[in-house]
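Next comes just one chain, in structure tokens: the form predicted on its own.
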Amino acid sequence: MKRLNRRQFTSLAAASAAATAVVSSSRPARAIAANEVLGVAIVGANGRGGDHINGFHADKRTEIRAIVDVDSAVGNKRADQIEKMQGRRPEVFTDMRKAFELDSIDIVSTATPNHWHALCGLWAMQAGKDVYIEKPISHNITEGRMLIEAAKKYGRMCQTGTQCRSSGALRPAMEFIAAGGIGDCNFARGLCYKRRKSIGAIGDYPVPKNVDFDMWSGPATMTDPKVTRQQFHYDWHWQRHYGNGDLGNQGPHQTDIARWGLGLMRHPETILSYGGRLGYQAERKDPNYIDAGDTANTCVSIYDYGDKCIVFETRGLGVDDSADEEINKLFMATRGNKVGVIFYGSDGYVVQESYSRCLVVDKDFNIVKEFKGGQPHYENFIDAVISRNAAELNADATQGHLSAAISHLGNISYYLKEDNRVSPKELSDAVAKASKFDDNQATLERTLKHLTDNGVDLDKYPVSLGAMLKFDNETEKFIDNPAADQLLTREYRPGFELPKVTA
């Protein structure tokens, strides 16, 4: 079985649509003196950016010196807040490149929309900054590989925001699995049973007046003057032009944990997804209703590694009383969201039920051990920035790339065949041999019952059966599937192309 070669620079980087650096020149970072306070630029101050602000403010080795946000109102509001927190107001920018020019900035921490993650990281590393990049580290697989190579070339620390890698609960739980605590373990199921209401009908909505939409769009091709969603600042998650759906929003946390516990440092060999954006017609009592999102709100993705397997289930409709008897027992609950990972061992289970709690459950569904603890993830990153030892990073660019790629691969399977709407019988036949590790039929039946329990008429709104894909770990390309290969990258807008990174 071929494994990912960390030193390999694949041809995908060269295949990117861009080859010219936007930051004019790469320069080494300045030397860091002992006991020096490190300057931080937060890029993307809304939403998740608030956690970045709190995380770096809590560590006295850092000071927030710049805020970058394309919404000037958000940027200035955050700067006012930070001034009260630390006694010094950070500079405010709408163009991240101006912040990267500052010698006072050592660290760039980005919580932008997904389509900006990689380019922000690449520009920052070229400018001699260390980077903390929210999950998913990339919008597509090509971008993730380029971040790995950039971190090597420029000698930068690159941490991914999969904070469970630093969790005081997760770390010992993963060691417990590796030591045979639940016997042989070769299968993990990630869950995102998380209610997601419709984001509203597709339409033509104005861009908020304080937003620089040119900079917001960045590497994505422009859709101006038409913005098709009502809630501008969050619902991009469910539009594939910018986001990756819950498969790429919540998924990188759980699939990262699943891959970690199974000891997988490579991509899956085969991938199959099935699902759709379903159920909103029944909720709105309008059979012609079209939601503005175009990512799946219900999806099962099967990732087979040959000797091990990960299944990730996304459910965005109502998740109460979902008739999942075994899962309900393992999560000790029948109602409400269930977000986590179940590891299936020959002697029992490990259940990651939150970012700070893991349970060991025996075959009779009794809790026999518990792991608890917090997540000093920013602290871990700052430690590595100071030591200049990338091996100290709990979630480096390679880990981030492999876990983001799982989401991208699952989405590609779905996107290629989203119009391939089939009957339950056809689904059953297709998934029957998807993996020897899961009871594929039982997973399908639970998923279909979830849909019908939420009012989905499967005859009128059938589930889409994605493409069965085979992936080559060495080349990071699909095997004999040019259409799938095209989705390994994207069309980049002139002026925002990915810079070429060479060894």
Ligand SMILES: NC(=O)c1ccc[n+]([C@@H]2O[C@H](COP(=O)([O-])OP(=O)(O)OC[C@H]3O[C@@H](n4cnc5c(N)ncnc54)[C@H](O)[C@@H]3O)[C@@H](O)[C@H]2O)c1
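Computed from a prediction, not measured in an experiment: that's the story for all the values here. So that there is no doubt, residue numbering starts at 1 and follows the sequence shown.
Below, we turn to the form predicted in complex with the named molecule, even though it does not appear here.
Comparing 360-368, 230-238, 383-391, 343-351 against the named molecule in the predicted complex, the single stretch with non-hydrogen atoms within 4.5 angstroms of it is 230-238. In the predicted complex, the named molecule stays beyond 4.5 Å of every heavy atom belonging to F312. A residue is said to contact a partner when one of its heavy atoms sits within 4.5 Å of a partner heavy atom; A111 meets this definition for the named molecule in the predicted complex. In the predicted complex, G44 approaches the named molecule with a heavy atom inside 4.5 Å. The named molecule is not drawn, but in the predicted complex it has no heavy atom within 4.5 Å of D324. In terms of contact with the named molecule in the predicted complex, the residue from S166, N249, Q399, N297 that brings a heavy atom within 4.5 Å is N249. A single residue from the set W116, W260, Y303, Y414 has any heavy atom within 4.5 angstroms of the named molecule in the predicted complex; that residue is W116. Residues M215, W216 are the members of 201-216 with a non-hydrogen atom no more than 4.5 angstroms from the named molecule in the predicted complex.
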